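Taking the form predicted alone, here's one chain by itself in structure tokens.
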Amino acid sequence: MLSLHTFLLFFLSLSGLLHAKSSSGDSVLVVLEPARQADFSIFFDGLKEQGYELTFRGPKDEKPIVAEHDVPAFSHIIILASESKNFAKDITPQSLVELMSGGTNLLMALSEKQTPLSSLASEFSLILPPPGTPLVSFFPERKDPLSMIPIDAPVDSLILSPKMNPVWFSGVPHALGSNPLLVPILHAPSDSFAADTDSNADALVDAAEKGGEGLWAGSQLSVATGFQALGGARATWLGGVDMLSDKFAKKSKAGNKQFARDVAAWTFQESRVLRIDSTTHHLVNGTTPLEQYTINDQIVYTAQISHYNAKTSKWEPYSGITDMQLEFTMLDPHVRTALLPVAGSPGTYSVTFRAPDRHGVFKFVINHKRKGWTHLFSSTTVPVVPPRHDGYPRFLSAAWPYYAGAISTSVGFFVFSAAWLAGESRESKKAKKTQ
């Protein structure tokens, strides 16, 4: 009876995963002060409508636990307690990095003050301005405070919806390091800078002096940035929690509601999620993969790739990648060729190439990295050997000079031997006659 009960629980949990909105699960832990939960009701209600199961927890609470026996208990974690300087012992920069390594997606908001999240930001190559210097701008002219800024969404954004209304922002900006895994989402306006909110027109000079390494101003700063880990997990950093608040979502002609939906969809792996279903390799005119190949063999390599459709919660074949490459490597790539989609076969990518004229242990490697998309990686090891003793052709055209030399030497040897022997027999006959 116990085994049947366990099986039913497993089946129900599996069914819930299959019907989850996200490709990685629908359980969400929200770390937030209980008193501020009502300030983000529009954002939370939108997540619930999408099928997510929200669990709330205070920043200093110890339950529910985020991981048990090093296994993450939630698929996604939202940390909006940006003002908290102390968190529970299981919410530390190190534990959050470990959770992300285990596949948990993170959505975090920064604060103008120095908090544990500020030190975690540096692990993601985010550079924060000095504490107490939020982003301010005098343009456009408005009645709102200088630190409350409308920001136009980029037209060619990989994550945000096109033709989105301005996104209202209030918080701290950050500069981006050289980490290639960073995904810019929303940049600061070109006329904005980081300074004290009560500053005057001379605040631009003060911001330069406080920055130390340069001026914290302009569109090189970012207010929302994503991070695509190699393992597939994603993290998004927001410069302020108010970007997700009801206050900004209810402003006239504000795009914050749509912005929150788009950011959550990307962070929780609803959009731009790819995976490699299978890979195969075989000889031309063959179908069975070989344990080893011979040099100069014609090899066919095929990969099946699918894309997650959040509307149907299903994986579907995807043929939209046009710049993927296949490498046949032994320490260094010996063959690098385009792995293109096959016409008439959705989700199938194939290429035919000749094995290099060198034996050793090779790998079929796909390492496709594009900003905003899931990284695709596959590695298959296969040896390449020289031909067998009976695998070479009987005669090599390049060796005809050597063949001719050997034949001429043999013929000359027989002619010389015959002439020598014939000469000896004649001399013996003459000697007998003279006697």
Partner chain sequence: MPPKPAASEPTSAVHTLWKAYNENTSDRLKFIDAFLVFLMLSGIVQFAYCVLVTTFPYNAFLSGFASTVGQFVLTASLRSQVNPDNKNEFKDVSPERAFADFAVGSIVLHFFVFNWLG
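Residue numbers count along the first chain shown, from 1. Please read these numbers as outputs of a predicted model, since none were measured by experiment.
The same protein has a further form, the form predicted together with its partner chain, not shown here; the description that follows concerns it.
Note that among 40-48, 26-34, 402-410, 63-71, the stretch whose heavy atoms approach its partner chain to within 4.5 Å in the predicted bound form is 402-410. Of all the residues from 363-400, those having a non-hydrogen atom no more than 4.5 Å from its partner chain in the predicted bound form are R394, F395, L396, A398, A399.
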